[in-house]
Every structure is written in structure tokens, then in C-alpha cells.
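Shown below, as C-alpha cells, is a lone chain in the form predicted alone; questions about how it binds or moves come after it.
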């Protein structure tokens, strides 16, 4: 049965109409005004729809002139949609998608994609028909930050793997990709002023594999690829702990000046930069300067978690000094919740991850001082947790996180006493101790990441599990068509029919 209520994230407002829109071989995609950014959005929609339909779907500027066109337009008539919202009108004679900013058009195009049958994701021509019920949609996100984190330090993932992950994030209206670029097991970004970080520190990973790193050109290409899909990359260099790869590459950063062996295990909390050496801060200034120059987004993530090997007074002095370095490079500092032990600058962002009394207290203290908070509770959003004891990948130190548990929580009530005004949004970390391939990543991320995307985008009112699980099941054929190795949770009634 064709319906407008198949989309993830759940749409904010839907008004059904009468009749159907049918995408045909005569259709065009038109954009107004004719700008490179809008042409790119329209072109990307055409690229998504052409393989399965076999239609030419030419891209042109200007208003639709023939029935059956899909028209994308920027308009100032509805500024209440904000920078990411959109309005979609579906009628028998065409589709009109309007937004106040280009990002809204991009997200609206993802809705059009999801309203078509799942077979639209196939890379070979399918029989169709390509129909969408008539109606109007008005949609905008609940939270500004709707993110996912990918750990490429414990296991290294290629540029193509990360691009494929970006494509999946974009399909569900996520707008941040936090890349965990350095940890004990590996350093994954070329720093020209400290070349041995990548050459030596990047040559290991969990389990003893060869590791790898991104050249600056490769990283810059990833940043552009993400921005083309309205995703901001947030790079993280974890410090002062989680730094064995850096210490192995440059022993002078160690307290004793002795290089530790490269590390391939999974334990944490044993490494630390020497916080008393001036060389450490010159090193970090160089690293953050080069990374800031490669990253047009406003954020640099400095980690700050699990620094058990750093005495707390030294840790606090370190965070306060490093956040000043970040500010000197015109970026906002983000850190895991432990950074709230220090006195933070007003623009700092704190990322909550440990549902325990200390974690709750640090998040609330940061908000009290004016900081924005990203919620990534391990018991709900950590994609590296096993679904249940039988699933082959993941850990369970934070418990088992099945699909319903990942969906059934709300950011505004999760931390008692945390003001809703201080919640920047939600993020889903995927640590890779047990993930070695893209199929592993996909299995751990999906279907849970789709639920987190809905939590970040959709209004809390009307969001409920029994409705969501049915919509989720309809995405199984879509992921099959995309070659996504998702976990078929017994909590959803999966269907194999790509026409639905």
C-alpha cells in the first residue's frame, strides 16, 4: 500500500491528498535559482533516480514547464523552515520542493527518494511503476546536531569506506560526521610538520594489522565529499590520553623520553602526553593548526576522555591550555564530558557518554556554565555494543543495545536537570575494536542508526515504537538494494518486497 508515512526520520507534518504522482520517462528535474549549489543538489537527486528507473531525468534551470517534473526552489516566503527545513507538495502533475536554504532542499530530496519504492535503490533498471501518493509535507529538524562518529583509529577504513558511510548518513538526514583520527592503536591523518605520526604511528591497528592513514589530500577530499552532502566533518585528535601511537612516533612527547612499542590491544587509560613539557604544546599547536586549515567546519574535537594516566590537576591545566590553542585557530573546541572538569570557554561543546553519576554531573555542570551538550549515552547510542549475547560483533560493557532500546529514549529527559536549551543534539559513536570491514560497520550501525536519526530530527510528539518498527521494516529491502549488511532484528517485521 502506498503511503506518505514510510519515511525515516518521521516527518513533522503530513497532509494526505488525492491521487498519485507517477515518475515517468518524460520527467525532468528543475531548479530555481540556477546556482552551482542547487544544480548539484538537483543533479545528485537525478543520479540517485536514474539507475533503477532508466530515465534520463535531465537537469534544467527554471520553473517546470511540462507535467511530471520535480521542481526544487529556494524561496524566502517561509523563513520559519529555518536552515534545514523544507516543504514538499506532491500532485498528479508534479512535485514541488521548496526550502529557505539549500540544505533543506537536500533533505527534502532524501524524502522524495524514500517515498519511492525501495527498488529505486537498485543499480540496474527495474520495472516500476514509480508512484508517490499526493499530499503535502512540512518538515524541519528538532536538533541542530545530528551526528555519527566513526573510529578509524582502532581499525583503519579506506576513503571509499568512509564515503559509503557518509552516503548512508546523508540518506537519513544526519549532518555531522565525527572522525576519531588518533588513538593508542593508530594515528590516521598526515601532519606534515610531524611526519612520523602517520608513517610510524599509523602503521598499526587492533589485532596487529597494517593500519594506514589519510594523506592531507585524501582527508580534504573526504571533507568536500561530506559537504556536498550537507555533512560537516568534525575531526578528533584524542588527548592527553589515548596517545600511544603519537608517543611511539615521537618519544620526546613522553615523560621519560622513551618510545613505547606500537599498541594493538584494546585496553585504555594507560597512555599520556607529558603535560609539563612545552614541546607538547608546540606539538599540539602544529597538529591542530594543520588540521584546522584542512577542515572548513567550525569544530575541532580534542577527546579528553579516559585520561587515567594523567593526574587530575595536570589534566585540568592541560585542557584549559589546549582549548586556547583551538581558539587561536578560529575553531570551537569539543571534548568528551571529562573536559567539564576544567573551566571551559563559552563556546566549548561537551559530549556526554557515560550514564553514571559523574557523567550526569559533568554534563549539568557544563550546561550551568553555558556550554552546549551533545548526548551520546553509551547505553543507547554506542553502535559498538552488541544487540544481544548472540550477535557476533561488538562489546557489552555498557549492556546490550537492541533496536527498541536504541530508539526508546528522549534527549530532553535522559539527564535529570539538563536544560533542553543546552542540548545541541545527539550523536552515535561507532568504536571499532571488533569491526574490521565495511560490512562490520553496517551490521553494527543499522538499524540502530536510523532510529537515532529519527530522535535527532523528528518531533518527540507522535514518535512511538510500534509505528516506527513498521516503518523500519520497510527499509530492509532498501538496505538490501544498497548492499547494506544490516542486522535483521527480531523486533521488526522485516519485509523482502522492494515494491513497498
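As the structure is a computational prediction, the values presented were derived from the model and not from experiment. Residue numbers count along the first chain shown, from 1.
What comes next is about the form predicted together with a further copy of the same chain, which does not appear here.
Identify which of 400, 270, 414, 250 has a heavy atom within 4.5 Å of a further copy of the same chain in the predicted complex; exactly one of them does.
In short, 270.
If the cut-off is 4.5 angstroms on heavy atoms, which of these, 222, 342, 291, 259, is the one near a further copy of the same chain in the predicted complex?
Contact with a further copy of the same chain in the predicted complex is made by 259 alone.
Given that a further copy of the same chain is not shown alongside this chain, does residue 265 nevertheless sit within 4.5 Å of it in the predicted complex, heavy atom to heavy atom?
Within the cut-off, so yes.
Is the gap between residue 316 and a further copy of the same chain in the predicted complex 4.5 Å or less for some heavy atom pair?
Answer no; every heavy atom of residue 316 is more than 4.5 Å from a further copy of the same chain in the predicted complex.
Does a further copy of the same chain get within 4.5 angstroms of any non-hydrogen atom of residue 309 in the predicted complex?
Flag for residue 309 set to yes.
Looking at heavy atoms inside 4.5 Å, which stretch does a further copy of the same chain contact in the predicted complex, given the options 171-179, 283-291, 69-77, 251-259?
It is 251-259 that comes within 4.5 Å of the partner.
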